[in-house]
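The chain below stands alone and is given as structure tokens, in the form predicted alone.
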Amino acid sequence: MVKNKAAILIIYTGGTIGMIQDAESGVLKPFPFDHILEEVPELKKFGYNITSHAFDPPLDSSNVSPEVWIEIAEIIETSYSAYDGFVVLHGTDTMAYSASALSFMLENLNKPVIFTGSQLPIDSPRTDGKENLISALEIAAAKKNNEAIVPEVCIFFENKLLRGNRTIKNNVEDFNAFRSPNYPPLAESGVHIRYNYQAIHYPKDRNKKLIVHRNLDTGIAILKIFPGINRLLIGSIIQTPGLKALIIETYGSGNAPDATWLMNELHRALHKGILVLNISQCRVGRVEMEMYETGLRLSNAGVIGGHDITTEAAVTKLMYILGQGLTGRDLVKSLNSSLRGEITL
């Protein structure tokens, strides 16, 4: 490695960005990532020490699981002291889940972990992959006073750097595929990369050792409330063996039908020790169960409000805190705390 040059590890899990078109068949296939500088020669101008680690075989992001998150976290843990930052190339469909999960799993993180990908293969004439990769690498390497400018798990896509656990996939066709509905971008790229320093989370003590949390509890279910929802459906979910937490996606600011049977089913879940977390179906705004009587009934029953958390962050945060063995008041306290900047208090 060249001294005094930023060292960046690219972790390729799979996804469109790592594909090129076969000259003979026309079929998309992954290219060897140790040849990344050949595919994106613009990276040479940075002078970074770039190393890559590719999953073999690459994963379609629809197949990403908690085991994959653990593998990514362990690669970062093993390589942590050798690199200034990390870029994770990932399919777009579950990128927001993966970025949210890694934000909770990597405690005391003081280096950038930037997720990115593309809507078009990297060798396509109109690809968005090169710009996303180039900017993600520059952000991963960026320092001020010899410290990382963005020591967070983030997603960079189409000129915006977003906090990972605040991000949702918003569009399947546009290059601007992601948005952060309740938190501002951490940076925006144009002629220059403009950092929003006030929005970036900086650890109080950068000298703390990185802790990787591997225990993730998947005893979680999501129930989306809709007009005409069936009692048997809710009852069957509550009876799921090993269920520890139920996320209910409610209307507006946290409202649900005030039908007696629904309240009885939720009471039954709570009595079984199942935590019930209320998040909104609306992407913008927050749950405020005290605003309307229908929401207040949920609160009085013991349902926990999810503030302005995304579904992706709610799922992965619950996996993380349940994996820590938290129960009762400690569990509720963690849900009502912003552990990695995932909610606004």
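One rule holds for the numbers: they count along the sequence shown, beginning at 1. All of these numbers come straight from a predicted model, not from anything done at the bench.
From this point on, the text means the form predicted together with a small molecule, which you will not see here.
None of E131, D93, D217, E107 but one reaches within 4.5 angstroms of the small molecule in the predicted complex through a heavy atom, and that residue is D93. Only one of D60, E290, E42, E38 comes within 4.5 Å of the small molecule in the predicted complex through a heavy atom, and that residue is D60.
Contact annotation for M19: at least one heavy atom lies within 4.5 Å of the small molecule in the predicted complex. Residue contact with the small molecule in the predicted complex: S118 places a heavy atom within 4.5 Å of it. Shown alone, this chain has one stretch from 271 to 279, 256 to 264, 84 to 92, 144 to 152 that lies within 4.5 Å of the small molecule in the predicted complex by heavy atoms: 84 to 92.
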